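Only one chain is included here, represented as structure tokens and corresponding to the form predicted alone.
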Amino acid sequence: MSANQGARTRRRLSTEERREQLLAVGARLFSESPYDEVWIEQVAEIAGVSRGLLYHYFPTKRDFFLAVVERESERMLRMTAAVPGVPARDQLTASLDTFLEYVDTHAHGFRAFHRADAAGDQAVRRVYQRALGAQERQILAALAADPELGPVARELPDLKLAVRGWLAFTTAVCLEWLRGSDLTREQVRDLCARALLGVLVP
């Protein structure tokens, strides 16, 4: 078969597949460089598409970065969603295992997501803060529904602040782990789990 025939028979990406490809490239670039140093033309070149096609999906760089951040936020929320009826202690361990698998497998996306907090663009920061708020509410709801930890959680006036601090702690630990920490994934999981449970169980 000739090269031209091969090109004709190569399957074209669907709209959703193309969008996902572009966001994956964007996650890598934004994880490696500050927002202001990433050029939208780089994304098009790496993905092998025209700039016009890229701008069809994402009219501006801000739109593109917001889509990268939202993609990673939605993925993290899906992976760590609470399971009704399962004790919070067990869910915490299972969710951290799943989360750390995501951090390890999608390191570029994880780094890109957290770079949003340092972006000077207020629209980008708002999306990032909304994403953190969704994670916070998800954790608080799981704790409140737990028969063992729920009553303790309801007695803590500063629980929301503690959960927010725990998310910042977990993020810092994961970023350090990605930089080459000697800790194993299990050690990172146990460290993060103890940090949250220590707030609830003196």
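Residue positions are given as counts along the sequence shown, with the first one as 1. What you see is a predicted model, and the numbers here were worked out from it, not measured in a lab.
Although it is not shown, the form predicted in complex with the DNA is what the next lines describe.
> Looking in the model of the complex, is the DNA within 4.5 Å of a heavy atom from each of Arg126, Arg130 and Phe169?
Replying inline: Per the other structure, none of Arg126, Arg130 and Phe169 touch the DNA.
> With the DNA left out of view, which of Val163, Leu29, Ala67, Ile40 would have a heavy atom within 4.5 Å of it in the model of the complex?
Replying inline: Comparing distances to the DNA in the model of the complex, the residue within 4.5 Å is Ile40.
> Which listed residue (Leu183, Leu191, Leu178, Leu13) meets the criterion of a heavy atom within 4.5 Å of the DNA in the model of the complex?
Replying inline: Flagged contact: Leu13.
> in the model of the complex, which of the stretches 169-177, 47-55, 137-145, 155-163 has residues with heavy atoms within 4.5 Å of the DNA?
Replying inline: So the stretch in question is 47-55.
>> in the model of the complex, does Pro151 come within 4.5 Å of the DNA, counting heavy atoms only?
In response: No - in the model of the complex, heavy atoms of Pro151 and the DNA never come within 4.5 Å of each other.
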